[in-house]
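In structure tokens, the next block holds one chain alone, the form predicted on its own.
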Amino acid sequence: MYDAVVIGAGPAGYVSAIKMAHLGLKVAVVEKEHAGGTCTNKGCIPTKALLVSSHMYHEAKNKAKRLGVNVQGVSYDFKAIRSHMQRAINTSRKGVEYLFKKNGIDYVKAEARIEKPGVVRAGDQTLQTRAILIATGSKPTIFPPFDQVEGIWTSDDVFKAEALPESILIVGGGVIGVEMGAFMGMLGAEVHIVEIMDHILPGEDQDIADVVKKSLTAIGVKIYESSKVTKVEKRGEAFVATIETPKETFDLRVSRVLLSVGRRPNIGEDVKELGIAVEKGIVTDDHLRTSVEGIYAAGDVRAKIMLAHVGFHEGIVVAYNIKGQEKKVDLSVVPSVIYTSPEVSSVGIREKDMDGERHGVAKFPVAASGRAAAMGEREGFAKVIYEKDTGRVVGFSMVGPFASELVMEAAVAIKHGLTVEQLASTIHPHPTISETLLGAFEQAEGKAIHL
């Protein structure tokens, strides 16, 4: 008899299992594919590995000479890039498997089916348990006309490619779309991105999206905003898509089409047969309990914020609740990152969502940073949203070098109610890109020293 059986070894599932083991519970994890889930095998890790390679190639080819470094005959080997990607995947995957073994967790590689509360069928095994965690993740969304055309890629398929496509149409200018566009564009592919909203990265502010758009355009990526693909046909080895923009409708011929319009929860028939409440995703309370006693859900399968680090948090909350130590999920402060060049990060409210009467906004440009000048970087800025009456930081966005790392200063500030005065009076090391944040905090306080 197990204390818990976890279905799915992705971020929510494996972290929950490890935390439960730390709490002294007997745990089994059932996974039909690979440890690490989408993030490790078809998402975060392989995408970032590919982007590291393409960014290094682009920097050597376009920036090295300006910095006094002469590089001759720069080229890339796509097979070697894929090998680097696969090593990153394998390292992460094996790391999860090692942690299972280290913490005494039984790892069952099989397809799971919940027979009834307390009973999970895993391949030819029947597992008896006090509690069940459903952490089956999500899969790419695909819909007409794209699901009716053979050979349309989703994000899952990009990582199987043996060669860089000569040309590609990316349908959807969200996070995955722009990251894939950046990767392929930096390697020299002809890239077209179509976004139905009025700007790419519609979850971010316009000024953030504009910097990313400028950088993508500089590497030759064609971007069509407020536009849509109305038709796609396979013609021989190529695809012909009809694109409708505010100014014209035209046909585009490309060697590949990537549909990148989000993900949907991966919910099995067993969940529906058990009568577990499902809306867009599995419905839970704040303790991540489903409508069926003894069964929990965490991660993408809930269809809330589909990010790996949210899955980590939710998995830990489930672990404590199964142990009997009451905890509620808290998604009030969730940093998000986009690994374009320059990087984007945000946490808290965006400028587009702020209350102009209650909130103020301050910005500081990357170009005013001494470290940025030394790096040859000029694009981007840090932006802080704060309460006018208290000075408390409630939102932050950045586009620029190391944005993915620097966002945590703002996340801690928002989480713990710190003010722009407290942050501006904290000594930041010089010369660093973190001084861009300092400049934004100073600007919010009155006037930045270096602006």
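One rule holds for the numbers: they count along the sequence shown, beginning at 1. Predicted, not measured: the structure shown is a model, and the values here were computed from it.
What comes next is about the form predicted together with a small molecule, which does not appear here.
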- Message: Since the partner isn't included here, can you check whether the small molecule sits close to all of 8, 138 and 308 in the predicted bound form (heavy atom within 4.5 Å for each)?
- Response: yes
- Task: Tell me, please, which stretch of 420-428, 55-63, 389-397, 30-38 lies within 4.5 angstroms of the small molecule in the predicted bound form when heavy atoms are compared?
- Result: 30-38
- Item | Close approach of residue 339 to the small molecule in the predicted bound form, 4.5 Å, heavy atom | yes
- Message: Contact with the small molecule in the predicted bound form for residue 277, defined as at least one heavy atom pair within 4.5 Å: yes or no?
- Response: no
- Task: Report yes if any heavy atom of residue 298 sits within 4.5 Å of a heavy atom of the small molecule in the predicted bound form; otherwise report no.
- Result: yes
- Answer for residue 76 alone: is it within 4.5 Å of the small molecule in the predicted bound form, judged on heavy atom distances? no
- Message: Exactly one residue in 159, 320, 381, 146 has a non-hydrogen atom within 4.5 Å of the small molecule in the predicted bound form; which is it?
- Response: 159
